[in-house]
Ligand code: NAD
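Have a look below at one chain only, the form predicted on its own, in C-alpha cells format.
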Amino acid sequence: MPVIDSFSLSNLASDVLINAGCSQETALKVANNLVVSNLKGHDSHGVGMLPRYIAAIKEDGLNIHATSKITKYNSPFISFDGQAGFGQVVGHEVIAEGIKQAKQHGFAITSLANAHHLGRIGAFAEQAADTGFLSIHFANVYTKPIVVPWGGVLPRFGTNPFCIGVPVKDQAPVILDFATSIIASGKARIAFNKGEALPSGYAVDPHGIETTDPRYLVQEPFGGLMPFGLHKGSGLSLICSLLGAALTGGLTERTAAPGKKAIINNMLSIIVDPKRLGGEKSFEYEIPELLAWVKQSHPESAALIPGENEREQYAWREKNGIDIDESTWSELQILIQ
C-alpha cells in the first residue's frame, strides 16, 4: 500500500484536475480540500473521489468552470445555485457570503442548490468557526439512493450529512460532522478496494438481507447502507432532505436516476455570531470548562470531543504520510497518464 506525503499527493491530485481541463486555481482548491480529508482520516472524502469526479466531468455532470450564482437575495437570507460546480469551490463561496452577512446582522441563513459533491461538510463549519461563528448544516445527496430508511427494504436516502461547528475561545473548535448513514458510502468503497468485510448491521443486499460484503454498495446488483442509530438516524436523514434540498430548491432523492456519475449536493446553512446572544460571557467561559469536564470522564483523557480525532489523525498523517489503497492508487496513476 503506497504511503504518500501530503504535498506530493496534493500535487498529484491537482495535476489530475488540470489534465481534465480545470484552471490551476480551481485544481489547487479542490485538491487541497481532498487531501485535507485524507489527512483528517476521512479517506472516503479524499483523493479516492477523483476517478468519479473525472467520470462526472466526462458526462457533463460536473461543470469545472462554474461559480455560485445568487438566485434570491433577502439579506440575511440568501439563496444560491451551485450550477453543478465543484462543491469545494461553490460551497466555500456561499459560506464566505454567509459569514459576511452574519458579521452585519448577527446571523445568516444560506441555501445552496445544485452543487457538485461538497466533500467534507466539516470544512464549512471550520470556515465559519475560524471567524468565531457557530454554524449548522443540513445536506442531502442527490444521486442513486443508497440508504435504507428504518423499517424499509429499498434505499430511499442519500448518506445525507449533518454538521455543527462551535468555536471555542483560545482552542480548536468543536466540529460534529457525520453522515446519517451508519458509514459514509466512500468507506464502503475503501473496504471493497482493500478486500475487507463490513461490520455486521451496516449493510443489506438487494433483497434487504443483512450482509457484510461491501460489493453490494459499489457493484450491481446494489443493496443499501443502514442509517445510524436506528430510527433516529433515519429521521435525521429525512430532515436533511427536507431542509437541505426541498427548502433550498434542490432536488430530493425521489427523482434521482441510477447510473450517473455526478454527485449533486444541496445544503442549508445557519451561521450565528454568538456575541449577539445573551449568553456571550457564559459561552466563552463555560464551553472550555465543559469540554475539560467531559474529558475527565476517563482518567487518561480517552473520551473524545467531536473533531479531536480528526486533529490527531492530521498530525500523525502529516508527519508519517497518507496510506492510499492499491486500487485507488492504480486509478490515480491512470488518470495522470
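Position 1 is the first residue in the sequence shown; the rest follow in order. Just so it is clear, the model here is predicted, and its values are computed rather than measured.
The same protein also exists as the form predicted in complex with this ligand; that form is not shown, yet it is the one meant from here on.
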{"item": "Residue 178, heavy atom within 4.5 angstroms of this ligand in the model of the complex", "value": "yes"}
{"item": "Residue contact check: residue 265 to this ligand in the model of the complex, 4.5 Å heavy atom", "value": "yes"}
{"item": "4.5 Å heavy atom contact, residue 304 and this ligand in the model of the complex", "value": "yes"}
{"item": "4.5 Å heavy atom contact, residue 121 to this ligand in the model of the complex", "value": "yes"}
{"item": "Interface segment, criterion being heavy atoms within 4.5 Å of this ligand in the model of the complex, picked from 278-286, 37-45, 65-73, 23-31", "value": "37-45"}
{"item": "Non-hydrogen atom within 4.5 angstroms of this ligand in the model of the complex for each of 137, 233 and 253", "value": "no"}
{"item": "Of 114, 110, 241, 159, the one that lies within 4.5 Å of this ligand in the model of the complex (heavy atoms)", "value": "159"}
{"item": "Of 184, 190, 89, 99, the one that lies within 4.5 Å of this ligand in the model of the complex (heavy atoms)", "value": "184"}
